[in-house]
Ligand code: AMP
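In structure tokens, one chain follows: the form predicted alone.
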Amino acid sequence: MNIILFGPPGAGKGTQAQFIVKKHNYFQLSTGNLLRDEIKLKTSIGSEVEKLISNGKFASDQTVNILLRKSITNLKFRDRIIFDGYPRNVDQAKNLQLILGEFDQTIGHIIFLNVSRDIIEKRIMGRVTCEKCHMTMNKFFNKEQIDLHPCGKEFLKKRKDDNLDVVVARYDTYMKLTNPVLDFYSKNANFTKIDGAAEIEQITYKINDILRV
């Protein structure tokens, strides 16, 4: 079964997705990582997206859907995908249903990490991401993990869009677009809202408990 894991930027989706990957043998499909890979490869899509995210905006649905379909149609990931941060709006949610249905796949669980903007600001201003393995850590909360990071500290970079003005813009934009998605999914029996401000271990425990159902 596939999983949707979503919440505002900095809610901890990437961290929790990594735990699910290790424990349950899933593939983490982060549209953010897909887009950043395009930027790194200097593709035409990457050039367009880089301009958008540097101003706190999101890539178009058409762009995301092109990249998304490539992963969903990969047999290696069939029914083992964590959709990390996607869908962001109702049109994307409907499109995801269509693509999954086309390839006879389903969504087993929908998990929303609910976090306030104040906490998001603190988390994001300390965030660093490994350019090699895409692992995300926080220089305030994960100092030991950063010191022991196997890829090496030279790969740990602060994203260009991680500044306070952009953080506020991305959070407000995300919540404005995502509230309808919450309404779209909240009626489903497999929808769960989790307090994303809790300790990482507590959130992980709750998610593992959900996946055992």
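We number the residues from 1 along the sequence you see. Since the structure is predicted, the reported quantities are computational estimates derived from the model, not experimental observations.
This next part talks about the form predicted in complex with this ligand, which is not shown.
- This chain lacks the partner; the member of L156, I53, I45, V181 within 4.5 angstroms of this ligand in the predicted complex by a non-hydrogen atom is I53.
- Between 139-147, 80-88, 111-119, 97-105, the stretch whose residues reach within 4.5 angstroms of this ligand in the predicted complex through a non-hydrogen atom is 80-88.
- Heavy atoms of Y185 never reach within 4.5 Å of this ligand in the predicted complex, leaving it off the interface.
- This ligand in the predicted complex is not approached by Y26, whose heavy atoms all lie more than 4.5 angstroms from it.
- In the predicted complex, none of the heavy atoms of V167 sits within 4.5 Å of a heavy atom of this ligand.
- By the criterion of a heavy atom within 4.5 Å, R69 is excluded from the residues contacting this ligand in the predicted complex.
- Interface residues of 57-93, taken as those with a heavy atom within 4.5 Å of this ligand in the predicted complex (partner not displayed): K57, F58, A59, V64, G85, Y86, R88, Q92, in sequence order.
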